[in-house]
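Only one chain comes next, encoded as structure tokens, the form predicted on its own.
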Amino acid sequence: MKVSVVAQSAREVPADLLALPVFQLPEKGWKLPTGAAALDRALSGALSAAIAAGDFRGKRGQTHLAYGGGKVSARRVLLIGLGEEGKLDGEALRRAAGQAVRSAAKRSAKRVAVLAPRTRRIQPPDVAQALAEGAVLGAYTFTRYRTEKSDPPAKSCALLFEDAKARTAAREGVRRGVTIADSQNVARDLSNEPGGDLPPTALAREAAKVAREVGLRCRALGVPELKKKKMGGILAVGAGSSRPPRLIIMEHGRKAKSGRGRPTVCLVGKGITFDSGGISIKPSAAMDEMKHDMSGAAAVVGAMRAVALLDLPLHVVGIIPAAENLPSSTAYRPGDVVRTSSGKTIEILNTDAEGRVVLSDALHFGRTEYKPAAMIDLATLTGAAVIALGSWASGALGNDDALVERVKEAGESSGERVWQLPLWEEHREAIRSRIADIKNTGGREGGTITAAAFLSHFTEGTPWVHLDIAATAWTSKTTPCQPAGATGVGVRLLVEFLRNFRSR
């Protein structure tokens, strides 16, 4: 979708659908914002009549559709409620723009315009970024495998800023918002792709394709290289499939040659391209959704794309351990002991706890190869995260509370909320093994936390945050910015975190 900032008034802009985001109106003494008031007069009071009748009050998410007349260039006018102005945030703006483009798609409307609300709570560039993100995310569809396609998305969205100075500042916000949202849609595409069509080698090719398009460096380690580096975790999980594992590395910028210069940040994404559970096979119900068990990897690919296009002044490395977890005569078994590249050994109690096993090698690789100032991993790791936090937040755990706090702040700003869970020494004790160094499951109690405790053994000495996105990477519900399926969660959060990253 093309998103632009235009200087036309709400009355003059040629659009198939013009959206007017409006703050919640008081029961008495209400008035429409300046741009909407002028438009209302041109519509012979149609908007104010709807408000007076109680059909629209500006509550968050509420809409009312009116049709244009001879004095208005837009064919349709859609009022969209933003809720109370004192509670306005970027997510309300994203959802408003998403509602506009999805409403347009239902009516086969191709040109959308949105009148940016005037507010002192959020600066024009950030208003523009949020609206651009919402428009691009709301227009997303995954129809690659459908022969009949319905509700084609709108092709363009014009953002109207009444103030000339605000328009100039908004254009940079639009560029940033479109870049980030397009990158999130790349992640959505990867996670929505059927596992049969996206084995580890294909995921590596897609990462390389993205890298070529935006100027990243990219390489993928095959089985001989994984063996040479003694990455027993990735090799063990991938052993049950005829389609071999890979370790994918994407790189932006250069590592500082001294203690000064661009800091290094490693992003690590779990890339299980299909997860049957292996020998500890999952129930068949909803197993089809396990094609998105590489959503952490998808988020890293999308974030790396945005990092390159925004040319962030950092050295950022994306690391993706990719494998397919299937049962076969060559699959790893419960009771096996796996030796990782760090030298630590893992007792396998459940082959369906495979994500942490592949991440063990990837985290050690990132920590030792790049010596980063910070490391963040994203993984659809535990069903316990779904129970603990629902779909409203990703779980955050780590070994550096200050770093976790910065990730939380980025989550609030980006609309991809995270919530910190504790990580204590008792949790590390819970995954100690009697016959190996650690075991790959600590049981049902505190499952999200003991999984992170497992990972912490491979991050020692490096500031690290683990994000469990099991509950947020996939949805069966449709919202203004999100159709059912893969969400691409993590892309906006990571980019926001990196845009504001400073080494301590």
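Being a predicted model, the structure only gives us computed values, none of them experimental. Residue indices: 1-based, along the sequence shown.
Form predicted in complex with a small molecule: not shown, discussed below.
Stretch 346-354 is the contacting one of 430-438, 346-354, 245-253, 360-368, since its residues have non-hydrogen atoms within 4.5 Å of the small molecule in the predicted bound form. The listed set A470, A453, L39, V465 contains one residue whose heavy atoms approach the small molecule in the predicted bound form to within 4.5 Å, identified as A470. Put simply, of Q99, S394, T179, T382 only one has a heavy atom within 4.5 Å of the small molecule in the predicted bound form, and it is T382. When contacts are judged by a 4.5 Å heavy atom cut-off, K71 does not count as touching the small molecule in the predicted bound form. Under a 4.5 angstroms non-hydrogen atom cutoff, the small molecule in the predicted bound form has D293 among its neighbouring residues. Within this chain, F458 is remote from the site of the small molecule in the predicted bound form, having no heavy atom within 4.5 Å. In the predicted bound form, the small molecule lies within 4.5 Å of some heavy atom of W474.
For the candidate spot formed by R188, E206 and R212, no residue has a non-hydrogen atom within 4.5 angstroms of the small molecule in the predicted bound form.
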